[in-house]
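Starting off, we have a lone chain in the form predicted alone, written out as structure tokens.
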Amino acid sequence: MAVIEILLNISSSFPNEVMEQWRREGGKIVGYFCSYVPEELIHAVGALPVRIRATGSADTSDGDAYLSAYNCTFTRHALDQILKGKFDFLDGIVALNSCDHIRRLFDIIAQKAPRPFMQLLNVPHTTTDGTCQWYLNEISRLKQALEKHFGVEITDEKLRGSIRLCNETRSLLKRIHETRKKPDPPLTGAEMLGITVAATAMPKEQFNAMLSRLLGELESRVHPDKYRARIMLVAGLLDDPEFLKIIEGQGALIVAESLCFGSRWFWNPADESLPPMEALADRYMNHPPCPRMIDGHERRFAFIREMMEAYSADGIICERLKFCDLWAGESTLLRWTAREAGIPLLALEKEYTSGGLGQLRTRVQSFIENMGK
């Protein structure tokens, strides 16, 4: 089986067969909710860090008992899975005040279905020298809590090894991503998202070896379908490659993205020349920001413009989860900024699970045609 097929299979379920094998061999798994959680600390304690998803959830009947209809459906699906025992394989959960929905979700989990290790980070909403120190204090508290719970000292040597490993993952993902600059990219946007989702749900050592093989396979691979427009996709918590397949089925090709499960997560490495904890604080507070960072819109748009130019994108599709307060504001700002810059933009709103596909197809087709494509 080709490497890309293996990775896409791994990303299609949560938990997956690799995580189950890790558990059978006695390994611990710690789930986390946001890309501002430093997975290097979890790896350095000997546990497997995995980004929590609600992939495969069919309803929110249990979750709706504790979260209102005005909470985003990701939190309701995730809580439903947790309350039904489908996340009992997790030995711990780490979250932060990424948004009010996740904050409330963590509180309910802690009361109704706690895992053995529970930790909440208080991450600042701006990036300054003072807030970087604040974040350093918070992740130092996480480090101490992990050491105490798992009975393992996180030495500087161990942490440097985890940083090197995660930096290798980021470097490989960036190299894969950059193959999409070609006129005939070897990957679709849906395939790229599946690859990055797999990176959040398996041991980095195994993933890096597979990605090195994939780079070789991509040298002779070309995108088999014709496309009419090259698209930059901008979104928050989007982990469903099927949604991207719907967009790409209308004649678009997603050649670049700014996603929590995409380039914003892996784009910049940690500085290995710094003391390890300082390197983590610097890296996570300065990677391409999401809308929870209230001073970051100009940086976010600069990142999008730079990406569009490098990947020859014709327009932007911005997706947000229904009732997501942060992305409601950001998508409005992005529409205004894109209009001033003369960049075509389509704003889409959806639930966590795909629905309203007919309307989605029509809107994407109309967007492509309006761009003259």
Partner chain sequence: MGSKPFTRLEEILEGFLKPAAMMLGADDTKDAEQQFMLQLLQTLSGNLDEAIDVARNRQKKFVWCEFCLTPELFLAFDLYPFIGEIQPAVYSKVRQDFIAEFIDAAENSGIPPEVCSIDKVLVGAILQDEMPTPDLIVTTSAPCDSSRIGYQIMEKLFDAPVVRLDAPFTNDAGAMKYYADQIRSLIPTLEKLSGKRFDVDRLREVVEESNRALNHIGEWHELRRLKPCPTPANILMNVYLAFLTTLGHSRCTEFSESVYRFARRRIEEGFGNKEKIRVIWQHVPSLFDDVVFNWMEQEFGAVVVDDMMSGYCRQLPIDTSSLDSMLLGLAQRGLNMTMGRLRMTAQTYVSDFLKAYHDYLGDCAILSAHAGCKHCWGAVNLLREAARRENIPLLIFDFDFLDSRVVSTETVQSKIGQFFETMGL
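Residue numbers count along the first chain shown, from 1. Computed from a prediction, not measured in an experiment: that's the story for all the values here.
Omitted here: the form predicted together with its partner chain. The next part is about that form.
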Heavy atom contact within 4.5 Å of its partner chain in the model of the complex, the stretch among 128-136, 203-211, 232-240, 272-280: 128-136
With the cut-off set at 4.5 Å between non-hydrogen atoms, does residue 222 touch its partner chain in the model of the complex? no
Answer for residue 295 alone: is it within 4.5 Å of its partner chain in the model of the complex, judged on heavy atom distances? yes
If you check in the model of the complex, is residue 286 within 4.5 Å of its partner chain, heavy atoms only? no
Taking heavy atoms and a 4.5 Å cut-off, does residue 100 contact its partner chain in the model of the complex? yes
122, 291 and 340: each with a heavy atom within 4.5 Å of its partner chain in the model of the complex? yes
If you check 48, 54, 67, 307 against its partner chain in the model of the complex, which one has a heavy atom within 4.5 Å? 67
Of 71, 169, 162, 263, the one that lies within 4.5 Å of its partner chain in the model of the complex (heavy atoms): 71
If you look in the model of the complex, which residues in 329-350 sit within 4.5 Å of its partner chain (heavy atoms)? 329, 330, 332, 333, 335, 336, 337, 340
